[in-house]
Structures are given as C-alpha cells and as structure tokens.
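Next up: just one chain, as structure tokens, the form predicted on its own.
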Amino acid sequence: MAMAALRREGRRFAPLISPRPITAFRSSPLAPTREDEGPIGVRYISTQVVRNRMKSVKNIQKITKAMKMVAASKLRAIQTKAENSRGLWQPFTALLGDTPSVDVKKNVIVTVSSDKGLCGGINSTSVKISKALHKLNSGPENETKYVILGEKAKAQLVRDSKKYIELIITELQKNPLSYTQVSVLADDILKNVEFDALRIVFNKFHSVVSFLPTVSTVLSPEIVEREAEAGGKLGDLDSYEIEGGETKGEILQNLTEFQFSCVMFNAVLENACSEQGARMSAMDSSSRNAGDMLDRLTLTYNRTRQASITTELIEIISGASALEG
C-alpha cells in the first residue's frame, strides 16, 4: 500500500521536478563551477575538485623544494669566488678611493641584475637605486646614461627610461663566471660609452637572508687627475714614483681600466650570490606556504567527505522510514 501511494504521488508531482538536479549555492571558493561538474547522476563532485587541487599543491611544493636545493648548490660554488674577488678591488679603493658624491658632467650607471626571476626583490631594489642616482645626477649641464646587465633590470628600465639606455648585456651567467669573461665585457663598455664617472649598482652578499644594495664609483683618468690636483685623499698619488717610460696619464688610464674590470667582476659575483640566497629564501617560503595550503585543503576535503557520508545516511534512513510508514 505504501509503495503504491508513493508511485501515485510521484506521478502527481512529476511535471514539477526539474530534469537536472538543482545545485545548492556555495559560498566556498572550492565550490565546483559548471566546467567542474560531471554528468547527471555523479554525486559529490566537490571532493574530486579538492583532490585535484591537493595534487596540484603537492606538485608545486616538490618543484619549490627542488629549486631551493639547486639554488643552495649554486650558492656554495659562487660564494667562494665572490669572497676571493674582494681582494682585487680593495687595493684600488685604498689607492684611488671611492667618491660617490663627485660632481661630473657624464655619468654612467651600470645596473647589475639577474636574468631569471623568483629571487625576491633584489632586482627591483637595484633598479630603484639606479633611478634615484639618475634623478640625482641629472641636470641641464649633466648627462646620465644606463648600462644594463641582466634581463630583469632591462625589463623594468626599458618601460620608462629607454632613451637613457646606452648598452644592454644579457645572459651573463649562461656560462660559469670568470674574470676573463667579465674583463671582456668591461672592455666593451669602456669602448662604447663616454663617461666621467661609472657608478656600479649591485647587491653585496652578506648571508643567505641578508644582502646590501651597494654603489661603487670608478672615475675616468681625467677626473682622477682633477681630484688629485684638488687635494684630498687622491692627492696622495703624487707621493708615488713612476718607473719606466709611461707618463702619469697613461698609468692612470691603465689603473682605471683595471679597477673597473675588478670592480665589475666582484659586483657580478656578489650579485649572483645574493640572487641565489634570495631564491633559496623565496623557495623556502613557497614550500612552507604550500604545506599550509595543503593542510587547509586536507581539512576541507575531510569535512566535505564527512558531510557527503552524513547526507547519504540521512537519505537512507529517511527512505527506510518512509517505506515503513
């Protein structure tokens, strides 16, 4: 009797039943969209969506952990070179000094950056300092140009400072860095750019989580002679005796070229160390964030699965009660 009554009621309300089940409104971001829904009759598709997202987060976590290990390996290889290269430019600083406040007409800002991203804000910091130096040294009688090393600084400076860019060098770290390679690049810069002062902007490496934006200044031989005649620290150059047939101007020319190549070599290595250290920190943070997200997704999955099981039990009990009644 009960089954017959249910069939009669079903035939009575059949025209009012939607041919497709109505999907309840979900405020959760894990609610399936129309594309996520399966064919009619497939239930609890939201748990499948959560499983897919959990799988994606696990894959991302594996990638970030692998990138952190690769960055640590590269850092160990470059750090020794960077520490040894500091002994090259320090004697020049003791002899010629480092005068960032010198006022000259032709300034060239050499911005050292990386070719790859995912290394925090070290490239943005170098670009900001370069723009600040450009604004500080620009004027009606002064000329300031850029020399860019690295894709990341190029991408940022080309947008609003394209007319001031004199030279762009990329893929510097495609091969292992060596003094011969950097000295050739320094020679190209000296041949193609007219300058009174070269200002090299880079990130000096201190530790994996600490690097200091640094500006090193290399003056042209003419400006060095002018500053030496004006006195100050550069005036001590006259106390040295010159042996051989070279004049003071020729010696200053050679010293300037050698100083620039040594400073460039150290700047490139220091910036490469800072890049790998920043990438290690960034990938470590990404791995931890992926772990936190995975924990939240696991909790959401368990709650959704438990809710579906509870709903099925209620439906079974309700059906059994209806049949008994």
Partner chain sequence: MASNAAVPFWRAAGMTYITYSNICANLVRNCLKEPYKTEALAREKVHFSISKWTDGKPEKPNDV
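Keep in mind the model is a prediction, meaning the values are calculated, not measured. Positions refer to the first chain, counted from 1.
Just so you know, the form predicted together with the partner chain exists too; it's not on screen, but the next bit is about it.
Visitor: Establish, in the predicted complex, whether 98, 101 and 196 all lie within 4.5 Å of the partner chain, using non-hydrogen atoms for the distance.
Guide: No, none of the three is in contact.
Visitor: Can you pick the stretch from 155-163, 196-204, 101-109, 119-127 whose heavy atoms fall within 4.5 Å of the partner chain in the predicted complex?
Guide: Checking each option against the 4.5 Å cut-off leaves 155-163.
Visitor: State the residue from 180, 90, 138, 80 whose non-hydrogen atoms include one within 4.5 Å of the partner chain in the predicted complex.
Guide: It is 180.
Visitor: May I ask you to choose, among 210, 73, 192, 84, the residue with a heavy atom within 4.5 Å of the partner chain in the predicted complex?
Guide: Contact residue from the list: 192.
Visitor: Does at least one non-hydrogen atom of residue 287 fall within 4.5 angstroms of the partner chain in the predicted complex?
Guide: Result no; residue 287 lies far from the partner chain in the predicted complex.
Visitor: Looking at the partner-bound form in the predicted complex, is residue 184 within 4.5 Å of the partner chain by any heavy atom?
Guide: Heavy-atom contact with the partner chain at 4.5 Å: present for residue 184.
Visitor: Looking in the predicted complex, any heavy atom of residue 276 within 4.5 Å of the partner chain?
Guide: Flag for residue 276 set to no.
Visitor: Residue 228: heavy atom within 4.5 Å of the partner chain in the predicted complex?
Guide: Heavy-atom contact with the partner chain at 4.5 Å: absent for residue 228.
Visitor: If you apply a 4.5 angstroms heavy atom cut-off, which residues in 97-135 are near the partner chain in the predicted complex?
Guide: Read in sequence order, no residue approaches the partner chain (within 4.5 Å, in the predicted complex).
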